[in-house]
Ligand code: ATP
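Next up is one chain by itself, shown in structure tokens, the form predicted on its own.
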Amino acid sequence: MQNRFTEDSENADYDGDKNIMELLSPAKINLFLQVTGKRQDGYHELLMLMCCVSLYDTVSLEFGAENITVSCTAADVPEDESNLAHRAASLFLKTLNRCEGVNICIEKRIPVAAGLGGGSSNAAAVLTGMNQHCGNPFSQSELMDLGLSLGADVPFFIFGKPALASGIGEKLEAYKKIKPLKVLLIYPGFAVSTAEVYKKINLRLTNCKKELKSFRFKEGGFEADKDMCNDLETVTASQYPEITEIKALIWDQGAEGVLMSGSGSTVFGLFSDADAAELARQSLQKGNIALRNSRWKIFLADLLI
């Protein structure tokens, strides 16, 4: 997979005359998430299999501004210095010792605080786009180091490929043994605090304790019907019963595997057959979602492999 933010990618557009760059900023899902321990600094050690999906925000960068500004189409996203994209731009310019600004516009499609990494993806897009605009002063590895200071998921989006992630998520190894799959995602309309979920996890009760799991991934390849597990799911589902309800609905549509992504709240199902995935989307959209809960949003995407 090409980096989703590269200027020569079909997913990026750069108008040098107008000093405007548009980048597609993808969501991610966790196909596997095992919490293996807790560090002295309070962070948790993880083992994850992560992959981007073709559900995108659009991040536009307008260069030549006096200051850093952020605007976003989603009402619940801050547009001040607390925004992760704003922080990314500030960090990049400070590290490069450049006194200039950039106007950042985020067209949101990825649900916020939903386990899909939208904010981290936006930050990665800003770092990568600004690096391209400035003549690539930082290598990919250096850019990933910058991203890590913003959030544990940011390096993955800069890495731009399916990956086995360990540590707090920053240690990445490219993973090529995933077949093309359709991804049906349902967002139940509420945000989940990642920090609160990790506070409540009981390491003695995690359900992904399979010590050779990473080696099975490496040797045999990922299989949706055998390998999907998320240690955070039990914690989030205990607070939000809709997680379990949505999982059952997607299973009923014939998915090969169903899982909550990250700390939630989005749940996804994997399908090998594109027609079956589309029929499942239509069935849920017209039936269950329309009748049961208008807050729910459904998306059909591809794994970006």
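Note that this is a predicted model, so its numbers are computed, not measured. All residue numbers refer to positions in the sequence shown, first residue = 1.
Keep in mind the form predicted in complex with this ligand is missing from the figure; the text below concerns it.
For the chain shown alone, residue 196 is not a contact residue for this ligand in the model of the complex, no non-hydrogen atom being within 4.5 angstroms.
Although the partner is absent here, residue 128 sits far enough away that none of its heavy atoms falls within 4.5 Å of this ligand in the model of the complex. Although the partner is absent here, residue 116 lies within 4.5 Å of this ligand in the model of the complex, judged by heavy atoms. Heavy atoms of residue 220 never reach within 4.5 Å of this ligand in the model of the complex, leaving it off the interface. Of the candidates 111, 188, 162, 169, 111 is the one whose heavy atoms come within 4.5 Å of this ligand in the model of the complex; the others do not.
Think of it this way: in the model of the complex, this ligand has a heavy atom of just one of 102, 228, 235, 77 within 4.5 Å, and the residue is 77.
Within 4.5 Å of this ligand in the model of the complex, a heavy atom is found for none of 249, 285 and 298. Here the chain stands by itself, but in the model of the complex one stretch of 220-228, 120-128, 175-183, 133-141, 120-128, has heavy atoms within 4.5 Å of this ligand.
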